[in-house]
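Presented as structure tokens, the chain that follows is alone, the form predicted alone.
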């Protein structure tokens, strides 16, 4: 049985004008092992077309091509890939070595596609290269070799899988006479001593002369098929191809992780991709930096959003307590309609007793429906609802120093106790007098404690606490004076209450500087609810009104847990448009909403930048496919499957993503560190929180968009026609 048989083979090419050109007509020929065949003919006669069909690169023909009696037309795609990988060895006129791989890697590439063990394939390649006189060149790149050396590498690559048929397309066309003789001698040895079918496509008479058989083609037809009766074989020599046993790894057996033979492994694809990226390192580094800009923006935006949110949350924690709910009137009715009095911030919105009981009842019903055991209690020993008050007032302040006054001894004191007693009393002259100021007046929330104070102690009756801004306005900036109790304030306050102008004008002691509110940089006054109530009753009496005291404008509910607090706050925000939290909580909520909007804006900007990065990667990888078209043709000629080509380019896009992500992380850390130093120096704090998982997110996103961007180029590379790819310049 013939090694290779062609029966009634026809090949037509479709032209652009829908006509067709017949390249091969009624080809009937067979070949045996050990033959050295030269296919000769003029350019365009069909020689290369015939070689491509025999090599399984072109399946668009009619007729039969039988290998060991089996028709190629019956082969499935995988079988055809295996045929090129194991049965055929190609030797090209232009060598078609992969420029970024070493000589050793160029030769082992076919075994790499078969997932042969590293040590086995290297040993086999080194053995062949040594016999071909290239032992000292295995680490070099193709550009460092002469033409004859490159062709020897191409022959070694064709032989590495021990194929039955060697197809050589103009194997000496680019070589000088001396080198041509050497290469022809090697090919003759392969036919004579390795018992392989060697088919050479050539114009050269010298090549045809050393052949055992000449097949001449003209206009797609065989016009001559001559076997030389005087052909002399080369004397026996050492075989170029030795069978190297592939040892199985005990570890692989135990772990059952041995990959199937014939499949390119992910690790091997990763190595090939890395070699290619390293060969174009400048381009890839620039691309990584370009893509990393969007990742830097993403990381910094996430860090800024987190930092600002954390800063606001910290402020909120300073003036709130997770086990307290603060309730105030929102300035709207329950239907969401605005109320007239809400327009004037100096008119407090107060709760009637009936309203407080209604709110407590509604809350208790809601909590019960949510299976909560907590209940709001408005009176009695277990009362957990207390009152507060807040408003904006107009005032004028005077600060007086306390002065010592000598008191005479009391009657009945002994001789030893005749010394006068010194007491602190207000001085006669103010140390500072300032004009009218706006004060945010608050009753001290029940959850404030000494920990919230900058200096001093909590206030009681006839005592107040002021913000730093209020004290500075009044001319007192030394916190130690407050701690020592050396000053008091005669505070004249005009407060609108219950359609009445309430004037409070009395000396009070300043006990503390307190800056726990969002109003820390404003004029803020804190005093106890009982003290304010007493002041209002006195003012009402002075105005000739009934001393009813104040009605609360704030309700404080002490809960049993943060979960209960969240339940109540959720009820108020979703069901009671007429209620809201404290002013501070409203501001915190407003800031949170602003941050949410800000974060959405950042996310949109980041998404756009990431889309641009994806397009950039896609374009670069697409260009890479175009630049490596011939390399793809070479890989397909030695048996690479479509899946193998896809895997190579997909792993390359994966490496691009990793490189871009790591570059982005490094630059983001550097830029973020610089921003933190600058903001801390300028603002005193840096609202940037660079969480570790932001970097993980950025890396994952970089890899994902790179892999997505690589899908189309990888698919395009896999679909390239091997014949057209090999012709690509």
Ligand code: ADP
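Residue numbers count along the first chain shown, from 1. Source: prediction; values computed, not measured.
If you look for the form predicted in complex with the named molecule, you will not find it shown, but the lines that follow are about it.
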- Quick one: of 9, 720, 707, 23, which gets a non-hydrogen atom within 4.5 angstroms of the named molecule in the model of the complex? 23
- Task: Quick one: from 42, 60, 32, 68, grab the residue that has a heavy atom within 4.5 Å of the named molecule in the model of the complex.
- Result: 42
- Given 678-686, 665-673, 43-51, 691-699, the stretch touching the named molecule in the model of the complex at heavy atoms within 4.5 Å is 43-51
- Give a yes/no on whether residue 712 approaches the named molecule to within 4.5 Å in the model of the complex, heavy atoms considered. no
- Touches the named molecule in the model of the complex: residue 727 (any heavy atom, 4.5 Å): yes
